[in-house]
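Shown below, as structure tokens, is a lone chain in the form predicted on its own; questions about how it binds or moves come after it.
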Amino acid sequence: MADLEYLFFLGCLIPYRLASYEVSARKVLNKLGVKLVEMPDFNCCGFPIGPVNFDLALSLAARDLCLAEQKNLNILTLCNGCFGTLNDANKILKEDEELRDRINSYLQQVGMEFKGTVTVKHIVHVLTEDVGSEKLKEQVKKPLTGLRVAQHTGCHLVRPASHVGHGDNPEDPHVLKELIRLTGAECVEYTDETECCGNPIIGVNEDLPFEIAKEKLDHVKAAGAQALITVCPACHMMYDFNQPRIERAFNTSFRIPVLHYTQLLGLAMGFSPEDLRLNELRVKPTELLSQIQ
């Protein structure tokens, strides 16, 4: 396998709803020397249907893993949910021979066989473990000194700890905080940092997720953060896309811009707001950009 070359798994949400995450990720990774190989024949990772049909969800994930095995490339994802699902499937199928045989019996119908020869990484893992802090520091041309931001790591990136690894602590995640500090920005602490964004149940119950997200935004605002930084498209949509709706539901005002980490890093690397699609954010980061510029 070539160093810093990955099969790029976009998942379902990002191509249709969050081009800003994809575009900003492609720009910073290219500048950092990470080659992304396209994956035009991928299918859904299987995340939404796991509780309903385990074998089908696992088969969907296994098919994506087989595509990576065929190219002898590890997978890079931008989505916490996709990472968690593909990584879990990879681990389970490698360790459970009986289950692997059953899933392979399904895959044989499309001419595939899971062998367990690749790994799955989220972009956070690639930046910290493969690119490394020294190379990231070298590429920071415009340190974001004086900028105060908060972070939301999300659930699937660090849980369950027995499956994820990568040296982070699910009860006190620190990896994203360290990546933020490499940009020169200050990463502020706030109450209940590890709480879920609420997005997984929004299709069933809108009231509870809005309450959960509202509480998180209250804490971020109280900490004096000028922005919230995410690495998951579902979490991002909860805090950015739904922020005006949450404000209306609770008769309050946050006006907290929510940036993908790749946008924050891109600003520090010298990319323009236009390059990074910052104009596509629902909550416009006007004051933040004014301070940086």
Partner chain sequence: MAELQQEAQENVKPEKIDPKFKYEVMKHPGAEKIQMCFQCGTCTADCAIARFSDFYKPRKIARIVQLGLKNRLLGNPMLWLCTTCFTCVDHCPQGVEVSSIVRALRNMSVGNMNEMPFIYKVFASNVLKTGYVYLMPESRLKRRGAEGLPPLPKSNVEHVTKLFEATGFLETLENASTFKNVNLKTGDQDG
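Residue numbers count along the first chain shown, from 1. Predicted, not measured: the structure shown is a model, and the values here were computed from it.
There is another form of this protein, the form predicted together with the partner chain, and it is not shown here; the text below is about that form.
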ask   = Among the candidate residues G132, G146, G116, P200, which is the single one with a non-hydrogen atom no more than 4.5 Å from the partner chain in the model of the complex?
value = P200
ask   = Within 4.5 Å of the partner chain in the model of the complex, heavy atoms considered, which of T262, T230, Q243, S59?
value = S59
task = Have a look at 156-164, 134-142, 183-191, 121-129 and name the one stretch with heavy atoms inside 4.5 Å of the partner chain in the model of the complex.
result = 156-164
query = Is every one of E5, L29 and E274 in contact with the partner chain in the model of the complex, taking contact as a heavy atom within 4.5 Å?
reply = no
query = Would F42 sit within 4.5 Å of the partner chain in the model of the complex, counting heavy atoms only?
reply = yes
query = For M269, is any heavy atom within 4.5 Å of the partner chain in the model of the complex, or not?
reply = no
Non-hydrogen atom contact N53 with the partner chain in the model of the complex at 4.5 angstroms = yes
message = Quick check on P48: any heavy atom within 4.5 Å of the partner chain in the model of the complex?
response = yes
task = Go through 201-221 residue by residue and record those having a heavy atom within 4.5 Å of the partner chain in the model of the complex; state none if no residue qualifies.
result = I201, G203, V204, N205, D207, L208, E211, I212, E215
